[in-house]
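Alright, here's a single protein chain in two forms, structure 1 and structure 2, each given by itself as structure tokens.
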Structure 1
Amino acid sequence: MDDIDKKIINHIQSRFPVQPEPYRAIAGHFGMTEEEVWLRIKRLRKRGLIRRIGAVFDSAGLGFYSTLVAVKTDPAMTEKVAEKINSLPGVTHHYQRDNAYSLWFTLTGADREKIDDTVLDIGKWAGVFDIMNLPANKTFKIKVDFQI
């Protein structure tokens, strides 16, 4: 990763242009061609340095409900349970952790009842020993830009 890659990453974290040709706008900002910017971003994504480019929405502000969920699994079934969880609509930020509750994820849906029903269903899956629904009592949003 060179200095230009670093500048592009720093720029797109919070100033990604919302317009029909965003890569052209980024290129103009740095005095580059659109193709050069696109190829650099593509290479950075392939290397795993950029995982996703997309908007972040305030789900509660849009009328949705979300919760944090922790799942205790049979260690032999953890991967299979994780695949099933990942296939559910509304699942984000899914992590495997090295403790009894090995799978943690956020789940967003139309309302609390829908989320509670989904959590109850997951609790009945093969390989799931226990599940915790951990809705936030208070939300703290911290904006983080990783300056490279």
Structure 2
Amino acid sequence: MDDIDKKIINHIQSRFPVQPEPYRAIAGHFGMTEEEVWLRIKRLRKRGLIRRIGAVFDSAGLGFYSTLVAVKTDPAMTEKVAEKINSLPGVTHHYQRDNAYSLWFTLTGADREKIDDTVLDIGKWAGVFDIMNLPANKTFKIKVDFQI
């Protein structure tokens, strides 16, 4: 990845042109040809540096409910529990962390009741010592693009 790749990534993280010929528009912005921009972005996608180009929806804006869940696991069972969590629909971000509450994940769904039920259900799984349902009361900041 060279400086031009970085410039392109930084640009299209928040401003991918919603225009008939977006790659031509990006090229115009940087004084490049459409073909060059097209090939560079294609390569960045292929290498996984860009994992997706598309819309990032606001869950609440679509009327969805979302929460953060922390699970205290039996250390011998953490992997098993993690795999089971991974298979649930609505789990998007799921990390193992260096804490007694070892598994942290976001759970999103169409209504709150269902989400709360899912959390209660996980609390009864084998290997789960405790579970915390931590919906946000207030969002101070969400910044999703990173200058690289």
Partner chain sequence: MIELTEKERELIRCIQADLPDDKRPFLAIAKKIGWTEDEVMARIIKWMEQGIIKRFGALVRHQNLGFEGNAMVAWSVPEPDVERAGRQMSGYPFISHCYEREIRPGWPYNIYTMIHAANPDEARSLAQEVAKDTGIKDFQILHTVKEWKKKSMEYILEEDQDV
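All residue numbers here refer to structure 1's sequence, counted from 1. This structure is a prediction, so every number in the text was calculated from the model and none was measured. Throughout, rigid core stands for the largest set of C-alpha atoms superposing within 1.5 Å between the two forms.
Here the chain coming from the form predicted alone is structure 1, while structure 2 comes from the other form. Shown in the overlay between the two structures, fitted on the rigid core, is a CA shift at Tyr101 smaller than 2 Å. Remark: with the core as the superposition reference, the CA shift of Glu21 between the two structures reaches 2 Å or more. Taking the rigid core as fixed, one finds a CA shift for Ile131 smaller than 2 Å between the two structures. The two forms, fitted on their core, place the C-alpha of Phe30 8.5 Å apart, compared between the two structures. For Arg51, the Cα deviation between the two structures after core superposition amounts to 4.9 Å.
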